[in-house]
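Next up: just one chain, as structure tokens, the form predicted on its own.
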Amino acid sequence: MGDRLAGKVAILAGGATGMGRTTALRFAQEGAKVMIADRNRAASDETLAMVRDITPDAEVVAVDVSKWGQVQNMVDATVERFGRVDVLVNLAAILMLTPPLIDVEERQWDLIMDTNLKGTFFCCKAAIPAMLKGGGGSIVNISSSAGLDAWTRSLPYNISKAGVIHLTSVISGQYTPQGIRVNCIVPGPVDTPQARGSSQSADLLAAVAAEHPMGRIGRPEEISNAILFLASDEASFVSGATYVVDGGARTSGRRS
């Protein structure tokens, strides 16, 4: 147990599985009070049980981040349960493989953009007033290497994640003077349930790992460590930053 987030209240939007689960556990280990917000209630309850093995200060709220009313309820429930909001981590996202542009269906575009980009916007919009009441806070948005590179297997996903990066910069410019730090993490390939589901092939993940400069893809815990740094006071002079956490994939020429 540590104290890097001692006394802080954190909302993890998309906190039920993958990087969300490992971040919930990492935050609890560092003293945070954790609200696990996700539309997957079964997985949320599993994560909650794991977190409560560390601390009783954890709760679950159901949320579809593409629905404004549910997002506002997420924040209201957190304030009601814990009294404040200090940290928001936007992990909720959909990764769906799509055909080239002319064959992308409107429903595919809307589903991905509504969750990945509008959902991040909604969560920030709802959490910032609560943070301002508490004197400030930290927002960590999760993008993807697809937001920096032309990953051709899903145009809507690429655009949504590029939007998250720019949204981070604009929000930082608006709210850093008011005590809210806003940063973005760009993970490379990470072994999560979503990655396994969207790749549709264990062989594809193995191929990505074989081509990676480290000879493997990332672990969710490795992204959670970066999230923890940005959420904590150790990053007190960091705002508007985009951190690429990909094991050197971009610098090696690998695009994942």
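Numbering starts at 1 and follows the sequence shown. The structure displayed is predicted, hence computed values, not measured ones.
Keep in mind that the form predicted in complex with a small molecule is missing from the display, and what follows is about it.
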Would residue 34 sit within 4.5 Å of the small molecule in the model of the complex, counting heavy atoms only?
no
Using 4.5 Å between non-hydrogen atoms, is residue 242 touching the small molecule in the model of the complex?
no
Residue 180: heavy atom within 4.5 Å of the small molecule in the model of the complex?
no
Applying a 4.5 Å heavy atom distance criterion, does residue 25 contact the small molecule in the model of the complex?
no
Okay, which stretch from 136-144, 78-86, 96-104, 171-179 lines the small molecule in the model of the complex, with non-hydrogen atoms inside 4.5 Å?
136-144
